[in-house]
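Given next, in structure tokens, is a single chain: the form predicted on its own.
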């Protein structure tokens, strides 16, 4: 991956810097729309939004922040948290591991040879196993529990985009093959179609860039939504959630992300990326043009620049080098309008 453009070393407030990044990367037209889910090909490649939500409830954003899109694989991390809440760490670990993998996220063969578990909950096999753990007497009850959980993270009701759900259901033959393989090894039960429907529904939830940033800020704030004050997940599960995000959240780019950006993150093939700066903020970027790994091209550039400028790599944080609060200190605006003038 090429080095991100250098935007200067002077410390600026967050809103001004977000505007600068948006202007810099809006013309970037590299990448492709996701095509294996037909509904995703309808996205406008020019959509581009950046949003920051702090743990004290401030919001900074720019671009198409109100544009709705489907959450896709970003849902996996939150459903994993729900499975931890329903069953506890030990039971979940019996069904899905926590090892990174260099194989594609939809690989048919990623089951551990000894335990028969999927490697981690961020690949499709692991996510399907995780979804199968969600409790409820009927499919409707389980879906409603998922919707309620996502609503706590976001701060308002969420809905399934039915065309995308039907599109994923009609084309999800690899996921059916994965599910049958796990059924063979006893990792999920025989209600395969119910599990796959719920999995497709969770991926088809409609969100905005600010929604993703709020979800990330909730994780940064020990599970407490900073905009509503509602506890979305018990704080005892945050460490496990963030650990899996850090090691497995960015498809086959997870290792390089940890090296270059250095904070827990999760991406999805609709073009969203959310990341957590622990105890400080949640950050999200939405732009649907993807690289070969399925990550947003503009999103990766934005996060690399933010990390380099403000020092929020985890090892910068641990050594007291983070300058993020300095950037927040002078910021006043809580949205991107009117935008400050950008110096040439």
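Predicted model, so just to flag it, every value in this text is computed and none were measured. Numbering follows the first chain given and starts at 1.
Not pictured, yet referred to below: the form predicted together with glutamine.
Query raised in the report: in the predicted complex, which of the listed residues (83, 195, 269, 245) lies with a heavy atom within 4.5 Å of glutamine?
Result: Exactly one residue meets the criterion: 269.
Query raised in the report: Of these, 203, 217, 129, 273, which has a heavy atom no more than 4.5 Å from glutamine in the predicted complex?
Result: None of the other options qualify; the answer is 203.
Query - Distance check, residue 297 to glutamine in the predicted complex, heavy atom within 4.5 Å - result: No, residue 297 sits far enough from glutamine in the predicted complex that none of its heavy atoms falls within 4.5 Å.
Query raised in the report: Looking at the partner-bound form in the predicted complex, is residue 210 within 4.5 Å of glutamine by any heavy atom?
Result: Looking in the predicted complex, residue contacts with glutamine do not include residue 210, since no heavy atom lies within 4.5 Å.
Report task. Using a 4.5 Å heavy atom cut-off, state whether residue 251 contacts glutamine in the predicted complex. Result -> Output for residue 251 is yes: heavy atoms within 4.5 Å of glutamine.
Requested in this report: Decide whether residue 161 counts as a contact residue for glutamine in the predicted complex under a heavy atom distance cut-off of 4.5 Å.
Outcome: The answer is no: residue 161 has no heavy atom within 4.5 Å of glutamine.
**Report entry** Candidate stretches 47-55, 65-73, 306-314, 276-284, one within 4.5 Å of glutamine in the predicted complex by heavy atom
**Finding:** Going by heavy atoms within 4.5 Å, the stretch is 65-73.
Query - Residues within 4.5 Å of glutamine in the predicted complex, restricted to 173-188 and counted by heavy atom - result: Heavy-atom contacts to glutamine in the predicted complex: only 175.
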